[in-house]
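Take a look at this single chain, the form predicted alone, given in structure tokens.
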Amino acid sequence: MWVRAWRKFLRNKLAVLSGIFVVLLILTAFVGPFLLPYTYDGVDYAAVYQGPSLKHWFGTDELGRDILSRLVYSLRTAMTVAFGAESITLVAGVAVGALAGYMGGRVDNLLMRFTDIMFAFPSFLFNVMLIAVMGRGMLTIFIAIGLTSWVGLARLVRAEVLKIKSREFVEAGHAMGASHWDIVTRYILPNVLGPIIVTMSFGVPGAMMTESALSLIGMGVAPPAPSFGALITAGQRFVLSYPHMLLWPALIFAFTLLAFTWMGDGLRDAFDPRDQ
């Protein structure tokens, strides 16, 4: 299955290019800050509102801060929040979905009713409430996003586990005396990895969007740390006079979201069982 999926993914040129771009974005986010000549909060009042130049490739903002440096740090913020939130989503979603699907009965009913309640509650409002209670900060933000994003993954994992647990190889594992833990971790979950990977690839841009939306309403990462939402909000005020302040953050953020989405589309097609 993995070999077929990899070959199908390689045939999707857009997905491959998006995957390469995603890798470059990740390297830029976590290695780029150490290579930049300017810090994200370095103020230079002699260079305010400058357009793109050899000294400042993407120009400067109203305080003379280098926009390229702030974009790289914003990318790191977005990646950190997204991967942190998706880690919580992965643990919670897989645990709840696998336990509900494997145990069935009252356990399944109880966990799925709790999942339905979480699904019905507005996730963005829940994020705002958690941040208001716990305080602003990167750790708080990805915890809040992760705690509201696991529901879809839990439902997916439960559905897959219900299909797989009645297969012959699972019955053989029971006959050989394998424990419940071994059945789930060695027989069932490895066969659910494909849908999990696809779901996570779409969850990353979703978490980035949520983080940016929180920044737009002033609930995101606390200043002076930059984020895409804060940069876009600040750039809107100067869009007519200094359009580069809005153009670069909007373009980089849009291309980042599109790259993850197109890569996720390729992964979804690659793991589609109807085309195996």
Partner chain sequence: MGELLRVEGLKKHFTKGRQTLKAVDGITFDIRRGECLGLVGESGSGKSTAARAILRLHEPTAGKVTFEGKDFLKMDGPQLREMRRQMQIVFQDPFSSLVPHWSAGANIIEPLRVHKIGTQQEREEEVLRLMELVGLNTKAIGTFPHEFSGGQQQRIGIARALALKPKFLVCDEPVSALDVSIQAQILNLLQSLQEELGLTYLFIAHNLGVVEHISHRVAVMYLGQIMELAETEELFHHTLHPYSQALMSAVPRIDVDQKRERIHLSGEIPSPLNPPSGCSFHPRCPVARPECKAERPVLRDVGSGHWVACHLV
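Numbering follows the first chain given and starts at 1. These figures come from a predicted structure and were not determined experimentally.
The same protein also exists as the form predicted together with the partner chain; that form is not shown, yet it is the one meant from here on.
- F121: heavy atom within 4.5 Å of the partner chain in the predicted complex? Residue-level check for F121: no, no contact with the partner chain.
- Query: Is there a heavy atom of R106 lying 4.5 Å or less from a heavy atom of the partner chain in the predicted complex?
  - Reply: No, R106 sits far enough from the partner chain in the predicted complex that none of its heavy atoms falls within 4.5 Å.
- Any of the heavy atoms of A178 lying within 4.5 Å of the partner chain in the predicted complex? Output for A178 is yes: heavy atoms within 4.5 Å of the partner chain.
- With the partner left out of view, is F83 within 4.5 angstroms of the partner chain in the predicted complex by any non-hydrogen atom? It does not: once the partner chain is placed as it appears in the predicted complex, F83 has no heavy atom within 4.5 Å of it.
- Report the residue, out of V91, L139, A172, M129, that has at least one non-hydrogen atom within 4.5 angstroms of the partner chain in the predicted complex. In short, A172.
- Check all three, T39, D44 and K55, heavy atom within 4.5 Å of the partner chain in the predicted complex: No, none of the three is in contact.
- Item | Residue stretch of 97-105, 144-152, 129-137, 183-191 approaching the partner chain in the predicted complex, non-hydrogen atom distance within 4.5 Å | Partner-contacting stretch among the options: 183-191.
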